[in-house]
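Below, in structure tokens: the form predicted on its own, a single chain.
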């Protein structure tokens, strides 16, 4: 099948999932066309099964904000016609499903009918989508999709609660590819980050307010008062500068390492003992899953879809948002005893296997077939 995938090309979870999905689909023989404004960060190699089409947005002084949705929908029309695309899979309701719908309508004028699958990832629903300015467009875009999926049961429930949805929503969880984590580094270079007696705690995110970055710092501060530890902060975003100042104020500057964005997440997690994810909300918790597949225990909030990934008392612990005292106490339960730590690490890796891409990929392929057949039946009826 020839599939066009529209996503954000950034380090965020939706872009990573969309890119990894496309690569896996190509490995199974599908022809994949990524359409976005920059080559996705996880898309390292193009091949005869993987293509990238850049969306250019011309600068016009007439527009205060350049019309990306217009440029994207036009690019979709051109690419679908040129390469004979059979199915469109858009990640994020706004602006991608909206642009996808416009492309579908333009193509129908030329007698080309293409089914569209929309995957909801989180902030397109819980943040952008519920804003009064965007709510009608999000509601319309979801209902005009041929098939809608969400990355967690919690996100599905939130979508149905916030919007007037007429479509069924199928839950297909985010995933990891265990084959990419099967390598065992002979030297994780742990000694570059911490001394032998120090535990290594890690946080990876886009450093937005919703990630509650100050909570990460305060939890770590309580941990390091009880046992030797280092904190590694991976990512870039608006909260990073404030986090660096907070570390200075708490006297943690020599115990916290800010690495910025990285393409070596697996190596960083290789030498990590504990992952902190105290977010205000997470539609799924992909960062936690990536930690778990690397044998890292997780301390997280119990919000959104995180409890569907991090299992209480098994892979880590969950606490109410903002309860940094309990999070620190639970972290110390895991870190204070090497045997306990090893048990949690082992459990984390085992549970992560439930989300292997080889188990999730057939679910998407089934959705594609359903969308394709439904579109075909609809055309026959008309």
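Residue numbers count along the first chain shown, from 1. Quantities reported herein were computed from a predicted structural model and do not represent experimental measurements.
One more form of this protein should be noted, the form predicted in complex with a small molecule, which is absent from this view; the next part is about it.
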So if I measure heavy atom distances to the small molecule in the predicted complex, which of the stretches 106 to 114, 70 to 78, 257 to 265, 205 to 213 falls within 4.5 Å? 205 to 213
Should the three residues 92, 282 and 285 be counted as contacting the small molecule in the predicted complex, with contact defined as a heavy atom within 4.5 Å for each? yes
Position in contact with the small molecule when the complex is considered in the predicted complex, options 153, 123, 302, 144, heavy atoms within 4.5 Å: 123
At 4.5 Å between heavy atoms, is residue 19 in contact with the small molecule in the predicted complex? no
Hey, in the predicted complex, does residue 9 get a heavy atom within 4.5 angstroms of the small molecule? no
Would residue 310 sit within 4.5 Å of the small molecule in the predicted complex, counting heavy atoms only? no
With heavy atoms only and a cut-off of 4.5 Å, decide whether residue 118 touches the small molecule in the predicted complex. no
